[in-house]
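Quick heads-up: it's one chain on its own, the form predicted alone, in structure tokens.
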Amino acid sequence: MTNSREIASLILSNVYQGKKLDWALNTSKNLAKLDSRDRSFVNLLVLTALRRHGQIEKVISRFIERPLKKNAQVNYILKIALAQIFFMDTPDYSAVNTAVEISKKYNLDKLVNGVLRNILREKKTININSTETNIPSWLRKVTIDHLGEEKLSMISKQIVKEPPIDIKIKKNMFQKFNWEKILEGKNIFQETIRINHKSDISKLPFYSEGYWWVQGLSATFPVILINDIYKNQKKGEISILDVGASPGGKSFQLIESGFKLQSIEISNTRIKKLFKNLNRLKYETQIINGDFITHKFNEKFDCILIDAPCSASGLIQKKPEMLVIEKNINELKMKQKLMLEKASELIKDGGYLIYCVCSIIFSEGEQQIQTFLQNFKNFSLTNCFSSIESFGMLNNSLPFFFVTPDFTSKDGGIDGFFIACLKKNY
């Protein structure tokens, strides 16, 4: 099989049936056989169909009287075709003819041809401007309840766009080169260069030399805060535990700042990725492969950084499969609660707990911390966000830092993120 549209439709079907997008792409043997240009095209087809799935579904439902069988391949053939017709530069005739040809092996070519021809006849009258329809109902409700309809609309307009890539340059290398010129990007904050790059990241300059790593801007914020907290202290004497460390961005920041670091990661697969990244960057840290909640530690820490497992609703622009697959939020919230409770036992008096989630859902962020503070009176919130507050929202009465994907939209947006900084009182 060499038809890129057919390969895209098969990958899309895997995602709709619950597979992670990365898995669906990486395990597609047919995709691997394509050249780099065609692989990029397949990737764009799938991402566009996912990001615009609500708009596409609305068109399909208007032109098909009886709903198609849920996992019938014709669903995904039509979605890929409509992604091209409405949101890409593919000529209409090419999108239709290819879809019809692909559908012949499923004996559905007449249906596909008829539906797509009818859509083309009325294309100019079809209103597909409402990006809010791409937000699934479970996420739409909690977002409106927490942030309001206007914010939902702004987020929905951002997440249909192709996200940029943020490159974190090593501090000791940042001043040595003109990184904006080398990477053809823009310096958006401190040592972070934002680029728009569609090809293999490893082919970029100084990748093999280990001068930089990929890390979203908002994911750099927690360690920036830790550096602010301990700016007048000897970093080598400050013990820090990075929880949920892989792929390693925050650990790398902590290493280059000179902290006494341990990194814990539960996943064997992600541990391998962490080691690979450490080797490329020529960094070292003490790594624990285990479950933070059950692991027995023989010491306490000055600071614990928890990047908790969450819905990843702040990453929808990068992980659009979330728009079609609902996550079990209750299970995730229980794990977050247990992680916070475990951390409370391991922090020294006067130490800090940095809790963050790449989520825009109230119950995973602010509500989770409010509940923790009610149960652990020896902790209090600290406002340490002055260096990053221009990138998000700060509630001064209860100092939480919160950013939604539409912030800095003129520069390509930002991953949604929640951060709380708590101090353990003596």
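Values in this document were obtained by computation on a predicted structure and should not be read as measured data. Residues carry their position along the shown sequence, with the first being 1.
One more form of this protein should be noted, the form predicted together with a small molecule, which is absent from this view; the next part is about it.
Exercise. With the cut-off set at 4.5 Å between non-hydrogen atoms, does Trp212 touch the small molecule in the predicted bound form?
Worked result: No, Trp212 sits far enough from the small molecule in the predicted bound form that none of its heavy atoms falls within 4.5 Å.
Exercise. Taking heavy atoms only, is Gly248 within 4.5 angstroms of the small molecule in the predicted bound form?
Worked result: Answer yes; at least one heavy atom of Gly248 falls within 4.5 Å of the small molecule in the predicted bound form.
Problem set entry | 4.5 Å heavy atom contact, Gly185 and the small molecule in the predicted bound form | Close contact is absent here: in the predicted bound form, Gly185 is far from the small molecule, nothing within 4.5 Å, heavy atoms only.
Exercise. Does the small molecule come within 4.5 Å of any heavy atom of Asp307 in the predicted bound form?
Worked result: Result yes; Asp307 sits at the interface with the small molecule in the predicted bound form.
Exercise. Of 156 to 164, 258 to 266, 228 to 236, 130 to 138, which is the one stretch near the small molecule in the predicted bound form, taking non-hydrogen atoms within 4.5 angstroms as near?
Worked result: Going through the listed ranges, the match is 258 to 266.
For this session: Select from the listed residues Leu120, Ile144, Met88, Ile293 the one whose heavy atoms reach within 4.5 Å of the small molecule in the predicted bound form.
Result: Residue within 4.5 Å of the partner: Ile293.
Exercise. Which one, Lys276, Lys104, Lys151, Lys335, lies within 4.5 Å of the small molecule in the predicted bound form by heavy atoms?
Worked result: Looking at Lys276, Lys104, Lys151, Lys335 one by one, just Lys335 meets the 4.5 Å heavy-atom criterion.
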